[in-house]
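The chain that follows stands alone, in the form predicted alone, written as structure tokens.
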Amino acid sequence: MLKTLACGLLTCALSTAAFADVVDNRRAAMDQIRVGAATLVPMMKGAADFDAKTAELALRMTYAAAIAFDGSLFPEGSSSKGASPAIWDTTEDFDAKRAEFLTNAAAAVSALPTDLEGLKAVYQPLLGNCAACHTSYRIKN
């Protein structure tokens, strides 16, 4: 699992550095969040053993993506496959959801859980943030 996470981190880092286009950067940040979820959710479900170092790396990666996932990645007119026009119609709500995600990601990294219950406590709010935003602002293709 650690090798998979390391490969994901490297891929996301290289992808983010290579893209100049805002939509590509937005997708790269989202991919980084997905890699974190693909690492942490199986631990939470008991499908993978809890590993504190792997959890820490995945949380740090998620936090880095949350920082990158700022308003500059969503300029007016930068719609893309999967992005609802509602993002730009209700910018205040969208920005509030992004800010809450960043706050929860920062709290998760600050807590650095040492056991499964600690991971669940800090990551569950992030999953809720993802669901709240995707419900309102993601078009399933």
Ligand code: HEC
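In this text, residue numbers run from 1 along the sequence as written. Everything numeric here is computed off the predicted structure, so don't read it as measured data.
Unshown form predicted together with this ligand; subsequent notes refer to it.
Asks: Note which of 68, 61, 30, 43 lies within 4.5 Å of this ligand in the predicted bound form, where distance is taken over heavy atoms; exactly one does.
Replies: Residue within 4.5 Å of the partner: 30.
Asks: Can you work out whether residue 37 and this ligand are in contact in the predicted bound form, taking contact to mean some heavy atom pair no more than 4.5 Å apart?
Replies: Although this ligand is absent here, residue 37 would touch it in the predicted bound form, with heavy atoms inside 4.5 Å.
Asks: Just to confirm, residue 80 within 4.5 Å of this ligand in the predicted bound form by heavy atoms?
Replies: Yes, residue 80 sits close enough to this ligand in the predicted bound form that at least one of its heavy atoms falls within 4.5 Å.
Asks: Would residue 87 count as touching this ligand in the predicted bound form under a 4.5 Å heavy atom rule?
Replies: The answer is yes: residue 87 has a heavy atom within 4.5 Å of this ligand.
Asks: My question is simply whether residue 121 lines the interface with this ligand in the predicted bound form - judged by any non-hydrogen atom within 4.5 Å.
Replies: Contact with this ligand, no.
Asks: At a 4.5 angstroms cut-off on non-hydrogen atoms, which residues of 100-115 are near this ligand in the predicted bound form? List them in order.
Replies: Heavy-atom contacts within 4.5 Å come from 101 alone.
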